[in-house]
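What follows is one chain in structure tokens, specifically the form predicted on its own.
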Amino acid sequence: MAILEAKDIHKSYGKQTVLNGIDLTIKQGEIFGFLGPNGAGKTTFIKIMLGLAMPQKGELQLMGEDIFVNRKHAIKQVGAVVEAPIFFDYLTAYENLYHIVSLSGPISRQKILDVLELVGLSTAIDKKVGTFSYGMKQRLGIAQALLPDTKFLILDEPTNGLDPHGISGVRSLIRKLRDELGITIFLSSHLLIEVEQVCDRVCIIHHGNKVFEGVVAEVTQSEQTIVEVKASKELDCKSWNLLKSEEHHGLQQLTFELDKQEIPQLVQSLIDQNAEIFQVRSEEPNLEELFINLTKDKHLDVRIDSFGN
């Protein structure tokens, strides 16, 4: 069963196009990564998913319901943590969850205790939230999003501002929610290593367009061979699967996708063309490399630590 199906989603603010025909399907039980540089349209798409913004065009089915026609029923089993969660500092973890969730209907004490234990806050049940670290507040936000009976969890930058220990803890929690409870998770994050380690599939958007969607494991399974050479003339590489050619510290860096047994033949071919070979190495492609290649604007100096919503 598809938890979410988005078809041809368009959204503009005035003359600025934010989303341009986004199609997306999220399957039950998967952890789905949603990536894009600053201003790519990620947060806008999340708001549309939750029925908090209306597109100019497109359809979106959430939990089998049209989000724009029957929002109340569609989001009944949907939880979300968008930006930093806000709580009453003078109330305890338990009191915060009880009062917030009770606004939507009755909730049992045991249900709240179970969720607090699940997110690793069982020893902080009666502590005032004002004494919590940022990481504890993030976990409390996830606990709130899991109540009363969430089947689809939307996390927008859940590890933003956390230290390495906090990031590792949230990563483990995400896996636990899917593996033990079967919760489908939509994860928007600028930490590519995080997405690579926990997500089954990933979608990358850029300038409102979907530029990639695929299985994370397939992104990293094909090995690449990089050859650094110096040549006085243009090299003939038509017989090989040349992925790209770049200038790197005064050398020509050629990236090929080929089997290991083909490397000696490639090297000989370059030598026969009077190329000086300085280095030959093999690398496994990663999500970060794919992301940069797909979203780098030629007129911008894109830095990996600048990515956000």
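Since this is a predicted model, take the numbers as computed values, not measurements. So that there is no doubt, residue numbering starts at 1 and follows the sequence shown.
Heads up, the form predicted in complex with a small molecule isn't pictured, but that's what we're talking about next.
Though the small molecule is absent from this view, in the model of the complex it lies within 4.5 Å of a heavy atom of just one residue from T43, Q273, Q28, Q253, which is T43. Heavy atoms within 4.5 Å of the small molecule in the model of the complex map, among the stretches 61 to 69, 242 to 250, 276 to 284, 33 to 41, onto 33 to 41 alone.
At a distance threshold of 4.5 angstroms between non-hydrogen atoms, L24 is out of contact with the small molecule in the model of the complex.
Looking at V18, you'd find a heavy atom of it within 4.5 angstroms of the small molecule in the model of the complex.
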